[in-house]
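Just one chain is shown here, as structure tokens, and it is the form predicted on its own.
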């Protein structure tokens, strides 16, 4: 029986520690191909490259694994993998990460890590984005490897609803072991942004995005609660952003006679 074909990408760049950990786990589960950005692309969301050149170059970084670095965004990398690098083969699974930093709550909208996974879901493939809630470049990933393998095995064996990507976040390394996993909803939380006004050595003004993350959610069924309580959070995500519950309300409340052309 042939091994499943697994595409690996990320947003921290092809040389990041997180993707090395992810590739090492995926090698246990299937045949692996890597297509990832040649430099960090955090916060790129679902951006794609239009009107500029895209470059793809094969590199020897991971032992026994075909790997390609690209000048594009995480979403570009998945598109390039499907239509160019792997044009004669279809992946059985797309995984992205492991991200250096949290992608819980509203951060999923900004995340390049999750955009690579969601791009895979848009193409009809099972997809998972993995993130460790530790922004350090020297973050310890040792406590998450077994969970990455367990979750990936479940998806490979049980399949997944078409059009869904899993947003998986791990708590940072602590003295106690991870308590388990929680299937969650996205927490009601957001960034309260501020722009610091600063000056470069030549006296020219520039702005630096700063701010604080504020959690308004008091529930115990969301991803922020899970991470705070040392659980792995798993949020199923979809690319259909339609607010279905609002359609009936708009049809009911709006004055459609006034809106007639």
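Residue numbers count along the first chain shown, from 1. For clarity, every value in this text was computed on a predicted model and none was experimentally measured.
The protein also exists as the form predicted together with a further copy of the same chain; that form is not presented, and the subsequent description refers to it.
Engineer: Against a further copy of the same chain in the predicted complex, would residue 173 count as a contact residue? Criterion: heavy atoms within 4.5 Å.
Structural biologist: So residue 173 does not count as contacting a further copy of the same chain.
Engineer: Even though a further copy of the same chain is not shown here, does residue 188 get within 4.5 Å of it in the predicted complex, heavy atoms only?
Structural biologist: Judged by the heavy-atom cut-off of 4.5 Å, residue 188 is in contact with a further copy of the same chain in the predicted complex.
Engineer: Please tell me whether any heavy atom belonging to residue 86 falls inside 4.5 Å of a heavy atom of a further copy of the same chain, as the geometry stands in the predicted complex.
Structural biologist: No, no contact at 4.5 Å.
Engineer: Does residue 215 make contact with a further copy of the same chain in the predicted complex, using a 4.5 Å heavy atom cut-off?
Structural biologist: Outside the cut-off, so no.
Engineer: Can you tell me which residues in 133 to 164 come within 4.5 angstroms of a further copy of the same chain in the predicted complex, by heavy atoms?
Structural biologist: Counting only heavy atoms within 4.5 Å of a further copy of the same chain in the predicted complex, the contacting residues of 133 to 164 are 147, 150, 151, 154, 155, 157, 158, 161, 162, 164.
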